[in-house]
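Given next are two forms of a protein chain, the same chain in both, each as structure tokens and marked structure 1 or structure 2.
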Structure 1
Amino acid sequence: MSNNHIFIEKLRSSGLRPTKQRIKICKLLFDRKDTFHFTINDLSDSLRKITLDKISLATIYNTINAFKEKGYLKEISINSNKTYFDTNVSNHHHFFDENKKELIDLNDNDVGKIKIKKSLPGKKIKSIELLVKIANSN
């Protein structure tokens, strides 16, 4: 109950009405020490565990898309049937564990500086995304 006002403010300040569904999702996503990765399905399961009155799947999609637009979430580029999101919106890269189907952050110290030497006229770089796929070594 305690941190609700922070999320209410966050929502209001970005033009989103602080509904109880959005506040619950905020708390689940942002009221924690470490950032994490999730799919809509993960989130849906987690919400079902922490609240009795269920939040419609459509609302979950709506909310996550709104949060992505506002820059509170990042979508990770990966060729999967599901979309992966990251609550860490700073520039960083990822391992993708092909066995566990899970993302793991790579921070700045984990990856040497990436230099893009090519440029195209009339185009500018929007993002640089590195995905390092890993799997069990045996």
Structure 2
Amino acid sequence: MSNNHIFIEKLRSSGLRPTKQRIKICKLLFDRKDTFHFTINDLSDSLRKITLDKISLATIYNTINAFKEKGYLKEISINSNKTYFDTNVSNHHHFFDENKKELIDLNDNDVGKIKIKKSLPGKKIKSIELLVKIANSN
């Protein structure tokens, strides 16, 4: 069964024209059972493997940024030069495996109570999402 009508609506609601290339991006991101964590380069490589159509990096960046702004994707900054995106937009935690360069979901019940003792004037906590960096122990 084709979900193209869902992808077309998702694109239009994000302010994007539903081109053949953008529909392929949607299919790769959202036509799956499990959460998908990716960088822009990961996504570009995956698209090259599944389609003969050329999809420019500009199209990928614009589509991902529009989806992020609309709330369809979550951005997770690992450091100043590494950003991942997540198709699971709920508040949740992650492991980041520094050896494999991959994000792994952590459920709330995998993490004990987190208490923040500092507050900033005029600000309130919107969410708490923990990023735990892991590496091989040897």
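Every value quoted in this text rests on a predicted model; they were computed, and no experiment measured them. Sequence positions of structure 1, starting at 1, serve as the residue numbers. What we label the rigid core is the largest C-alpha set whose atoms superpose within 1.5 Å from one form to the other.
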Name the structure that is the form predicted in complex with another copy of the chain; the other one isn't.
1
Compare the position of the CA of Ile25 between the two structures after a rigid core fit and state whether the shift reaches 2 Å.
no
Rigid-core fit: what Cα movement does Lys115 have between the two structures, in Å to one decimal?
2.8
